[in-house]
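Let's start with one chain on its own, the form predicted alone, as structure tokens.
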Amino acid sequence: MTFGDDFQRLSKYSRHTLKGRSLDWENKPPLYKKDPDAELFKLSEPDRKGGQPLYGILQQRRSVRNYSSAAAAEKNLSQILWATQGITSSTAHHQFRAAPSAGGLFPIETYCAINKVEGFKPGIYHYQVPYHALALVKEGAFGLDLAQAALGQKMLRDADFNLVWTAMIERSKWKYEQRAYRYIYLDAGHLAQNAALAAVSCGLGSCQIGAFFDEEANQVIGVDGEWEFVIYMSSFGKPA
């Protein structure tokens, strides 16, 4: 039996074996990853009411792997990031986001590897959800490095920007223990689909990417690979 088969079997819920337990509220992991010393770049306000009709966007969505040399507009980057994890409503105790998350725990973090976007230097940025802003992680052209980490998939090199999603697994394990590993991939799928549809609405193409050398991808983004690790990515650009 393979590791995948073992995981599927051992993480199943059964009516006869599932046990309730108390949650350790005092040690609940924070919902947001913040770096108070990072340089923040505020994004333009996203369009919350307009855009193309949903069914038309679904009809147009395709995996696009060839992009033009034109730089993406900042407003399109802003719109796509908001569509993935942007805050859509707030109450006194909770902030709702554009995509669902198991238990409202939001273990997925969004990084943006910018190759060419108007108003931004190339580099790795982290999406700061509460502020709808990007925090600079490291400056430089990392498109080629990311492509090499993703088994040589050149669209990451040629894209205007790439979104890379990581999991901070302890946020989800706090409640779901080993079942959390199922949920983080479901959460990432919700984000990627929202991003793909938003890209179509902005006149951009995208391609979702799940094949990569894990440790190399972690190194490009700058995460430790244990407490936080890359699980999914997408490229974005104007179709050639």
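Because the structure is predicted, anything quoted here is derived from the model rather than measured. Throughout, we count residues from 1 along the sequence that is shown.
From this point on, the text means the form predicted together with a small molecule, which you will not see here.
Remark: of stretches 22-30, 169-177, 57-65, 35-43, the one touching the small molecule in the model of the complex is 57-65 (heavy atom within 4.5 Å). Taking the partner from the other structure, the small molecule in the model of the complex has a heavy atom within 4.5 Å of a heavy atom of M155. A residue is said to contact a partner when one of its heavy atoms sits within 4.5 Å of a partner heavy atom; P53 fails this definition for the small molecule in the model of the complex, lying far away.
Residue contact with the small molecule in the model of the complex: G210 places a heavy atom within 4.5 Å of it.
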